[in-house]
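Below, in structure tokens: the form predicted alone, a single chain.
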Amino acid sequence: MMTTMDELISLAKQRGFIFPGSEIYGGLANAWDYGPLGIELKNNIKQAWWQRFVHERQDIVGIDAALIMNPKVWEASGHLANFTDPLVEDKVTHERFRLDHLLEENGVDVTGMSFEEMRGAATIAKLKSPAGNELAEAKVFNLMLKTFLGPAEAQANTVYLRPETAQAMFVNFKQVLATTRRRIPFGIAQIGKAFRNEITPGNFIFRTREFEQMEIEYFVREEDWQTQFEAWLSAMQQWLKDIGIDEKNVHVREHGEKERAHYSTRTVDMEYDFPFGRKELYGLSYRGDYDLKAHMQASGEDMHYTSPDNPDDKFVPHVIEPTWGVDRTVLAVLASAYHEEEAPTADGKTEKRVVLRFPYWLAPVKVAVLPLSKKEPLQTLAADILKTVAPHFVCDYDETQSIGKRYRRQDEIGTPFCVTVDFDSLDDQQVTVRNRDTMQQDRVPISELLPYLKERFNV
């Protein structure tokens, strides 16, 4: 049985994964801060992604581009003119909503609908706001977050926080090609923040105005795009398996012709059954040569690729674009890892156990060292064990409350192994290692503890 959003949000806050942003001042609509465990989980995801798709491949290199780019970039890419959502406003409360979302909530399939078609559907359905009030006429709302450079808020100083990471990879294509001497096919990868002035953000960290992407622009010959597309689809599916996403809740959906962007010949969404419904998790798109040609025309820079083996083999590369949302990955991982079960207690009864069954490598804390008492010399022995293990694994040290309650706390944050240091450890120089998933306990010599853990983490 899948957990609820309320359960996930409560656990995330109580255990230090994700906090409401600016909470002491009443918060800010749908702004979230990653806490001590959340940043570890998020970094584990990003580091594993970078290792797999950049370090382990010779055909992909990375960049880290500026959040603010020349506004001409967004003019050339079409974002200033076309990066929009349909907006409606409650005439009484003046609360604003996305028209397509309201239509979907009222049973209207908006797939492939134009703005005018959605507006017509709203009229036919006599659409009201969630409060039951009349809606103002629908408008087109640009999602770009605007700011100003310099001291004067003049039109000439207007810039935008990037709404995606992709364009920086396109405008840096020539420099990357020249400095890395890569041959087609090759890709440029980037992990970074993007910003969208969403009309109705929501569902925890699923849709926010500030979010993080892991994205690749993979440059190919036009005749090879279908083969490369299928290869990337398989790579994305394998990634989902390896990070512990429940496969039965993952669905591949092809975009219809009307739904695709005008430059795309094929787009696929990898959707996940979140507690609030089936929504997009990742995206894979064939963008053709639209982006490089658009920037070549607007900037005057030559974006052709010339084969080192044949000067006559010159062309504008086509692009396959796999995109992973970092925050949505965190949410899907939490939802997939969350389990509730009945567990035995020391007195022979049972109690509810909440456990996050992360893959071992993904867990924010890998090992917890738990001295049975704060008294010396037990505490010193536990501290020495921590010093031995901590350089190899992210560790927690917990000496408060009963050992049973400490086990439950570690289960709730997904710690794979707990190392209990008891009074017998002083004599036999052994510790008890408890497995998160089986709750099995092994007695292990302290001298063999590190090899024991490394074997189970496959390191």
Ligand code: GAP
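This one's a predicted model, so the numbers in the text were calculated from it and none came from an experiment. In this text, residue numbers run from 1 along the sequence as written.
One more form of this protein exists, namely the form predicted in complex with the ligand; it is left out here, but the text below deals with it.
For the candidate set Val333, Val171, Ile205, Ile320, a heavy atom within 4.5 Å of the ligand in the model of the complex is found for exactly one residue, namely Ile205. The contact residue chosen from Asp224, Asp384, Glu280, Glu105 relative to the ligand in the model of the complex is Glu280, the criterion being a non-hydrogen atom within 4.5 angstroms. In the model of the complex, the ligand sits within 4.5 Å of a heavy atom of Gly325.
Contact annotation for Phe315: none of its heavy atoms lies within 4.5 Å of the ligand in the model of the complex.
The ligand in the model of the complex comes within 4.5 Å of a heavy atom belonging to Arg196.
With a 4.5 Å cutoff on heavy atoms, Arg287 counts as touching the ligand in the model of the complex.
Heavy atoms within 4.5 Å of the ligand in the model of the complex are found in one stretch of 115-123, 206-214, 376-384, 241-249, which is 206-214. Shown here without the ligand, the chain has Glu164, Ala166 in 161-183 lying with a heavy atom within 4.5 Å of that partner in the model of the complex.
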